[in-house]
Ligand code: ADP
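This document starts with one chain, in the form predicted alone, laid out as structure tokens.
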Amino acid sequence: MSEQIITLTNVSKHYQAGQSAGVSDINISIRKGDFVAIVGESGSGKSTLLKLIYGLLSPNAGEITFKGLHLPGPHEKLIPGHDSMKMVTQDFNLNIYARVFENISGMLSNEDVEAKQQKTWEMMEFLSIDHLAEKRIVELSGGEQQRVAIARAIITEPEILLLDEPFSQIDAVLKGQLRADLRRLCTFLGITIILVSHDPTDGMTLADDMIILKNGKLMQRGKPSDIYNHPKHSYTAGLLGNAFVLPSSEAKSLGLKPGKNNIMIYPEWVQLKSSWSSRRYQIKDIFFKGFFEELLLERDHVKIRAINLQPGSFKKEESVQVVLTRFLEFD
């Protein structure tokens, strides 16, 4: 089992009234070499937690350790931030009028110029930006600047790379490519990566370990597949899988008699059949999603959603039989 590299024990950080939520009573350990995603809605405390781990903020209560040693906060260091970590923020912190090569190589000393140049080229090739070496940062797209910022951060071989919303300024195609590159960084270079994102897809596709926050509190953590299939809260299910929640009174329209106040269902747990049944739903809308459709269904003013893997096989206003393969109950 990998060693614990970061540990937070009963950590809380609260701001003044009217400011962001902060975090409350966080207890987590992060293993060396893991890819960790901190996921939650805006204001959930994600960036606060990342800054606490890096040492840019000091907790109001609790203890943070790096390899078992106290992690100093900004009041304990002349230059805040931990020497074994690098953090890439949304503003990238690049010299926009310098060349790509200069931005990256400038992080290394001049003791061995030849080795410095070789390492810079290797890092640019690893992140597929070697063809941009002579371009100035101001001439690059947001996605290209993001890669330069990451190369600049990891060329000094930090043990931990922290990323604050790394995909917020790039389009869907580049996002997929950058996700693959970050996964390679974690696997082949052995770097521990801690990523903050409001998009749960980032955590689902990348993380070994996912942390779900809401209003500064830890809601759930674990492997993405475990959290998705066994959410402890309806908030988690809605965040990760577009789940819908019905009160027990409305669940009766599905033929259910839940023992708790609410039920949660992912759309893919709803099967549709054309055969006759007394429990039929009307298709109110159809949303094309490429290889599948998402259908909005209604019966007795109760609305549910379903996935149809054969686009075009159903039409609006058509009535269909609904069969549930699974549901979860919550208080």
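This structure is a prediction, so every number in the text was calculated from the model and none was measured. Start at 1 and count along the sequence shown; that's the residue number.
Beyond what is shown, the protein has a form predicted together with ligand ADP; the following relates to that form.
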Residue among 298, 268, 41, 34 with a heavy atom within 4.5 Å of ligand ADP in the predicted bound form: 41
Which of 46-54, 301-309, 286-294, 60-68 lines the interface with ligand ADP in the predicted bound form (heavy atom within 4.5 Å): 46-54
4.5 angstroms heavy atom contact with ligand ADP in the predicted bound form for residue 11: no
Contact with ligand ADP in the predicted bound form for residue 21, defined as at least one heavy atom pair within 4.5 Å: yes or no? yes
